[in-house]
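Given as structure tokens, the chain that follows is alone and in the form predicted alone.
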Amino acid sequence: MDPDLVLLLNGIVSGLLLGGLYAAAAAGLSVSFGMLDVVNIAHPAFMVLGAILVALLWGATGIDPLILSILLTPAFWALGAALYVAYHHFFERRGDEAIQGLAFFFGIMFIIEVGLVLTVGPDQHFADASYANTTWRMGEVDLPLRMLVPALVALSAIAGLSVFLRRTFIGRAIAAVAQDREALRLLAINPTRIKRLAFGISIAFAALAGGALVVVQPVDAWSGHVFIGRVFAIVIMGGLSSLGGCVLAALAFGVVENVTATFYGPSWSPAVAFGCLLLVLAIRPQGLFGRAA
């Protein structure tokens, strides 16, 4: 087989696996930003917090990092619910959720990052899962389990969240809360409680994404900065509240970045990926799967 074709195929496959990590990172933000209209710029910092906690617990127990991230989700849900209570009390109920709310989450991000540096130091953390050094080969294509397993776990969790949002009463209430609060009140549903529940789910997904991240690459307190632009771009390109669009946009983003890095160098990959975002928004301002206003 032509070497360039082999390189392209491996670049696409690796990009899809990278897109699985991006999907895990962006799914929680799709809930908070797309469905709840809460611009949680600190979401990648919560993902890094989850990643470092998973790495520390893995070092102490030896339990698989992805299992540890699942075990951490209840604590992160509670943290997210408490955080939304504060956000709603000080900003949202007074109509100050735009600039002031954004500053609030920026401050939360700074507190998480500095807190991690002060408690665990600036060093990188990594969880060496038992399958991390195993690679499956399908002809000329390599499938490193270090990326494949986290991607499959993340996509399975997103599929479960999608079923929950579509098939359950609470899930449909979450999908509707940002569109018409008064309609929910007429059904005797408290929109604030629904948003608190949904924001907790959003932060719980950050823990899952952190477990996937720490298996794929080393993480330090500042690693969230790499993901801020990417996860927001993916959510916007996918259509804000569309989980399916978020996943497809994440996979496309990963492929474009990885193929560009393979053939033209890593310095070009973010520019090309964000250029694709601008192209999509020029053609479909509502995103790939967003609804036109």
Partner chain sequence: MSDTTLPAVKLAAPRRMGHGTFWLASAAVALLVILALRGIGSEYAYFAATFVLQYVVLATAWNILGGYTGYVNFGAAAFFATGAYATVAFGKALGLGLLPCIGMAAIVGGALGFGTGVLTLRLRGAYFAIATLCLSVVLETIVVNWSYVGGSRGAYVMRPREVPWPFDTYSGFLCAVLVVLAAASVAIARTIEKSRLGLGLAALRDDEAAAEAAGVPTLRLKLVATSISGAMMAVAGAPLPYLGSYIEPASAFGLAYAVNAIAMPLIGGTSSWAGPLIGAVLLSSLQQAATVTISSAGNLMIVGVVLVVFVCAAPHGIIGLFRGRR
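The term rigid core refers to the maximal set of C-alpha atoms that superpose within 1.5 Å between the two forms. Residue numbers count along the first chain shown, from 1. Model, not experiment: these values are computed from the prediction.
This protein has a second form, the form predicted together with its partner chain, left out of what is shown; the following refers to that one.
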Between the options Val256, Leu240, Leu57, Ile70, which residue brings a heavy atom to within 4.5 Å of its partner chain in the predicted bound form?
-> Leu240
Among Leu102, Ala75, Leu152, Val163, just one has a heavy atom within 4.5 Å of its partner chain in the predicted bound form, namely Leu102
Look up in the predicted bound form whether Ile236 has a non-hydrogen atom within 4.5 angstroms of its partner chain, and give yes or no.
-> yes
Taking the shortest heavy atom distance, is Ala159 within 4.5 Å of its partner chain in the predicted bound form?
-> no
Indicate whether Gly229 is a 4.5 Å heavy atom neighbour of its partner chain in the predicted bound form.
-> yes
Partner contact for Ile41 in the predicted bound form: its partner chain, 4.5 angstroms, heavy atom = yes
Spot the stretch among 260 to 268, 45 to 53, 62 to 70, 243 to 251 with residues whose non-hydrogen atoms come within 4.5 Å of its partner chain in the predicted bound form.
-> 260 to 268
Would you mind checking 100 to 124 for residues with a heavy atom within 4.5 Å of its partner chain in the predicted bound form?
-> Gln100, Leu102, Ala103, Phe104, Phe106, Gly107, Ile108, Met109, Phe110, Ile111, Val114, Gly115, Val117, Leu118
Look at Val280 and decide if its Cα position differs by 2 Å or more between this form and the one not shown after superposing on the rigid core.
-> yes
